[in-house]
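In structure tokens, the next block holds one chain alone, the form predicted on its own.
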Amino acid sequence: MIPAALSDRRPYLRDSEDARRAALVAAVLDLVAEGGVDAATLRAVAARAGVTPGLIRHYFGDKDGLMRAAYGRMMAAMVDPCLAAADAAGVDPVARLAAFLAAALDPAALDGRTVTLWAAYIHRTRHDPALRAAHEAGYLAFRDALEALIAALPACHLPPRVAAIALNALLDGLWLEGGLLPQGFVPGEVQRIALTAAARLLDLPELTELSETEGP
């Protein structure tokens, strides 16, 4: 039997470890956003997170491990809100798809900082197989969710995979431009463009109606 004192301490220790990991990941992302990947040295990350460099090695092995974890967390932060929005939309497949698309281009998603982080990381995926795997996992999580939403529609004249790839490319372009040049769009415009284009691609007038009424 585990003594009560030890049993009581375990959740605290687990929370403490999770908090330290999260602080290190947040420190990496802050430093990369401010000065690029080269700015996120072990010493700088440790100082920003308020820990010793040895703790980074303990949790992540080396700087590369920490960088990959931070990139994976950034990708998840882009995908998870879209999944949550679709779930919150209920069971209607058209409403779920519209919510997913709108969340992908929500003002919170059109964040210049995230675009900067993505750009700082993306060229390194060509030379770092583990980082490329993290990118692939995030991309496929988003695309596979989009494909499943399309497959659930009452009818679609395109194969769901083809439609998902096309819509993902559309969202990527709008996200980049909306994040880099937010002043170039009126509030809600990029969402309405995505919904209207999706309606045309999938032959869904319901999405066209949503694009005319939704948005700030």
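Note that the structure is predicted; figures quoted are calculated from it, not measured. Each residue number is its position in the shown sequence, starting from 1.
There is another form of this protein, the form predicted together with another copy of the chain, and it is not shown here; the text below is about that form.
Colleague: Looking at Ala151, Val162, Ala26, Val51, which is the one with a non-hydrogen atom within 4.5 Å of another copy of the chain in the predicted complex?
Modeller: Looking at the other structure, the residue within range turns out to be Val162.
Colleague: Heavy atom within 4.5 Å of another copy of the chain in the predicted complex: which of Leu83, Ala76, Ala95, Ile122?
Modeller: Contact check passes for Ile122.
Colleague: Is Gly184 one of the residues lying within 4.5 Å of another copy of the chain in the predicted complex, judged by heavy atom distances?
Modeller: Answer yes; at least one heavy atom of Gly184 falls within 4.5 Å of another copy of the chain in the predicted complex.
Colleague: Glu136 near another copy of the chain in the predicted complex, any heavy atom under 4.5 Å?
Modeller: Glu136: contacts another copy of the chain in the predicted complex.
Colleague: Check Ala22 for me: does it contact another copy of the chain in the predicted complex (non-hydrogen atoms, 4.5 angstroms)?
Modeller: Taking the distances in the predicted complex, the answer for Ala22 is no, it never comes within 4.5 Å of another copy of the chain.
Colleague: Within a 4.5 Å heavy atom cut-off, is Gly112 in contact with another copy of the chain in the predicted complex?
Modeller: Yes, contact at 4.5 Å.
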